[in-house]
Structures are given as C-alpha cells and as structure tokens.
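Take a look at this single chain in structure tokens; it is the form predicted alone.
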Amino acid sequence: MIVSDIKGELYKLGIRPSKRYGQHFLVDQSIADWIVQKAEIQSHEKVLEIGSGLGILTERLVPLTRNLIIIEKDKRLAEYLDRKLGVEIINMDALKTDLPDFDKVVSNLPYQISSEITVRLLDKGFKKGVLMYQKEFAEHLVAEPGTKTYSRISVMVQYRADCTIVKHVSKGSYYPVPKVDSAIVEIIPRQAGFQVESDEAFRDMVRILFAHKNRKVRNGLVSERRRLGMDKQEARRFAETLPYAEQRPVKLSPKELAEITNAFCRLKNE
C-alpha cells in the first residue's frame, strides 16, 4: 500500500490514527520485506504478531507459516484483516490477555506499550523476535552500563536476552509521520549468565535502585527502606555490607545488580 491507499482504507473504516494508541502505519514495503526476511521463519514455527494494523507485515507472514497468531486491539482493523486475508485475529489488548505460546514474534509495536509488552514477551519465552521500536527506546534496550541511555528496561531485558539494533528506519516510512525515527531490534532470549536467587526480588531491587539511579547504592537503599521492609538502622547496616555500595546503579551491570539482590535475599532468609 502507498500512503493514499492507507488513507483511503482508514477513511472507509472510520479510523483516525490515534496518538494515544501510538497508531503509525508502516508504508515502506521494502522495510516490511526486510523485517520478515530477518525473522527467518520456518513453516512449522508459531509466529506472533502484535498490532497488525492494516496488515503490511501480516500479508507477508501468512504464506510463510501454518501457525500465525495475530493480536489486534482495534476491532475495526481486526475485522478488516479477517475479510482481506482470512486470518484469525485475537481482538484483544495484548497487555490484558494471556499471550499464547509462540516461537517467533514479528511486530511493528505501538510506541506506548513498548516497555511493558517486551517484558511480557520475555516472560513467555520464544526463540527470536524482530521488533520495530521508537529509536530512543531501542537505544535503551542495547545500552551499556554508565551510558546516558542505560536504564531499568536495559537491565530487565539484557538480563534475559541478547538485543541488537539491526536497522534504523526513517520516520518518513510511516503514516502518519511520527516525530521520531524508529529502529528494528533483534531479540534472542537466553539464560542469564549468572545466578539470581529470585526473579521477583531482582525486579523489585532494580526498580528500587533505578528510582535513584544516580545516587550511591547505599543512599538509595536507605531512602527506600520501607519498601525493603526495614527500619533506618537495619537499612544502613545492610547497605554497608553490600557489594558496590559506593557505586551508582546506572554504572552497574545486570550481573552486579544481581549480586546486590542475592545479598538481600540471603539477609531475608536468615
């Protein structure tokens, strides 16, 4: 589809692209081809697409697999794709429905759900993802400790997957044109290369520390003592015994943050 076709189809469906839902429709056919080729789909693999829109990726995925699963929140778009391609659509919010089992995920994700849906996908587990994100968010996924873009989502994703920006995409490849460029990220889940006593404790500890990411670890923990279930004296004693107590969270790797988490878990189990 070219832009005029996109506009025409949306008009017939009574859809005005929603900024709230991050609806920017990919119009560059060559980018759609590239994304699907990068996924290297085998016919037996279960493939998940989230936010199918008008189907620029969907129509390329249909011939490649017998097991295509599509989640589209907008009922009008779901019905449109059903009529056009004869594919079954899960007409639900991907953040509110149980994700099915799948091998690969190929999607042009709505910007607003990027962080939450990426974590949910990793919770589910899969072989490979080829996902389009806002460029700034993609840079967070691949950021290294101590860099300006290193953040909590960097830690939570890199803890469980290898992430690589494989292609940059101009904002002109979309309708309506967003304010920022995009990037395609390849995500390959894997086991962490270090031990974590508790996934839940690790998530909580990273959330607490990155709420004060530029403060020393010991100071951030003392200020968040209630969330740790400690009084001020207990929190100070605990913080002084920690590895990396004088470091700032933004400079710590997932492995180092796991060491702090494990020390907390051992204290709680004493």
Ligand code: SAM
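All residue numbers are counted from 1 along the displayed sequence. Every value quoted in this text rests on a predicted model; they were computed, and no experiment measured them.
The same protein also has a form predicted in complex with S-adenosylmethionine (SAM), omitted here; what follows describes it.
Put simply, of 68, 209, 230, 56 only one has a heavy atom within 4.5 Å of S-adenosylmethionine (SAM) in the predicted complex, and it is 56. A single residue from the set 143, 187, 184, 109 has any heavy atom within 4.5 angstroms of S-adenosylmethionine (SAM) in the predicted complex; that residue is 109. Contact annotation: S-adenosylmethionine (SAM) lies within 4.5 Å of heavy atoms from the stretch 69-77 in the predicted complex, the single such stretch among 69-77, 162-170, 195-203, 149-157. Under a 4.5 angstroms non-hydrogen atom cutoff, S-adenosylmethionine (SAM) in the predicted complex has residue 94 among its neighbouring residues. With a 4.5 Å cutoff on heavy atoms, residue 39 does not count as touching S-adenosylmethionine (SAM) in the predicted complex; it lies far away. Mapping the unseen interface onto this chain, residue 261 falls outside it, with no heavy atom inside 4.5 Å of S-adenosylmethionine (SAM) in the predicted complex. Shown alone here, residue 17 lies farther than 4.5 Å from S-adenosylmethionine (SAM) in the predicted complex, counting heavy atoms only. Scanning 183-211 for heavy atoms within 4.5 Å of S-adenosylmethionine (SAM) in the predicted complex gives no residues at all.
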